[in-house]
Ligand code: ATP
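One chain comes next, on its own, written out as structure tokens in the form predicted alone.
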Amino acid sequence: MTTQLAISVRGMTKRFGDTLALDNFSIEVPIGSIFGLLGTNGAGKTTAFKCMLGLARADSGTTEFEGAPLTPALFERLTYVPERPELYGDLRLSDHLELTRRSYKRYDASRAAHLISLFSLDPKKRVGKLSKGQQSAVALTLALATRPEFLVLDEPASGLDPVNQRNVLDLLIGEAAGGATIVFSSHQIGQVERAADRVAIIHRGIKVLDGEVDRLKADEKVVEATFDDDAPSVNGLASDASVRRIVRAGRLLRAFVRGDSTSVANRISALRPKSLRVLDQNLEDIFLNAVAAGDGESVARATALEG
């Protein structure tokens, strides 16, 4: 069965002068999914979002929504929340709600009221007087009140306290369950791991990894061993194609492995460690390994730097 795509980006490249911000960037986002875009600062996430939405012109590549190019009419069904919300500081939240009501046929006043209550916002306050987190909550309230089918969100929980960060993730999961398609970025890898079913990692404008979160985690293991004294070197293990990184820290040795970890575990076991276990990698581990690979670091160099 062919998966229906909500968003398809193919071969997107963007330069700013001599800087290559995006290099042949491609992603596919199925309908009704939550797609997380991860990357370090300056990796190209915001540029990718702006090129997808026509807010910046890509030098090459295409973006399609439901198999067709972006049109102005689609913005009735699509919402974009930038990392720094574009709000009118002198206007009250109630004024922003009225502007949104007049601009979108799909505006839902009851939905807006629920979100205002959820985020503990005061409609009478001028937006410019609100904290960064409250302004993020306002931007999300305005976006979600239009009942969008496509959401592109750049750091949507930025500045929010932990309770409201959780509220945002629950809202995104609920929107996807209702059929919406969401693409969002976050520096909080745990947020992406909790909410996203697919993820792409971008580094220096290049996509270095993408796939289903559960499948990526199932395929990535950590062989972790402790020793009575400082962890020994594992001669030849760095050249094993399945080993992404080796970390030695005092008595602790960790080998990050992609695929079958049995042979790596057996080789470390031969060194007679005090304890040995094979663990699933979390998304943070996968992210760090992908970024290291994107930097062109060999496993041996990673060992020297981190051991």
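In case it trips you up, residue 1 is the first one in the sequence shown, and so on. These figures come from a predicted structure and were not determined experimentally.
Same protein, other form: the form predicted together with the named molecule, not shown, and the subject of what follows.
Looking at 258 to 266, 44 to 52, 60 to 68, 276 to 284, the stretch with residues near the named molecule in the predicted bound form, meaning non-hydrogen atoms within 4.5 angstroms, turns out to be 44 to 52.
Contact with the named molecule in the predicted bound form, judged by any heavy atom within 4.5 Å, is made by just one of Asp197, Glu175, Glu83, Asp210: Glu83.
A heavy atom within 4.5 Å of the named molecule in the predicted bound form is found for one listed residue only; from Arg92, His187, Arg77, Arg101, this is His187.
Proximity of Thr40 to the named molecule in the predicted bound form falls within the 4.5 Å heavy atom cutoff. Ala292 falls outside the set of residues with a heavy atom inside 4.5 Å of the named molecule in the predicted bound form. The named molecule is not shown here, and in the predicted bound form it never comes within 4.5 Å of any heavy atom of Asn24.
For the chain shown alone, Glu155 is a contact residue for the named molecule in the predicted bound form, at least one non-hydrogen atom being within 4.5 angstroms. Along 11 to 36, a non-hydrogen atom within 4.5 Å of the named molecule in the predicted bound form is carried by Phe16, Thr19, Ala21, in order along the sequence.
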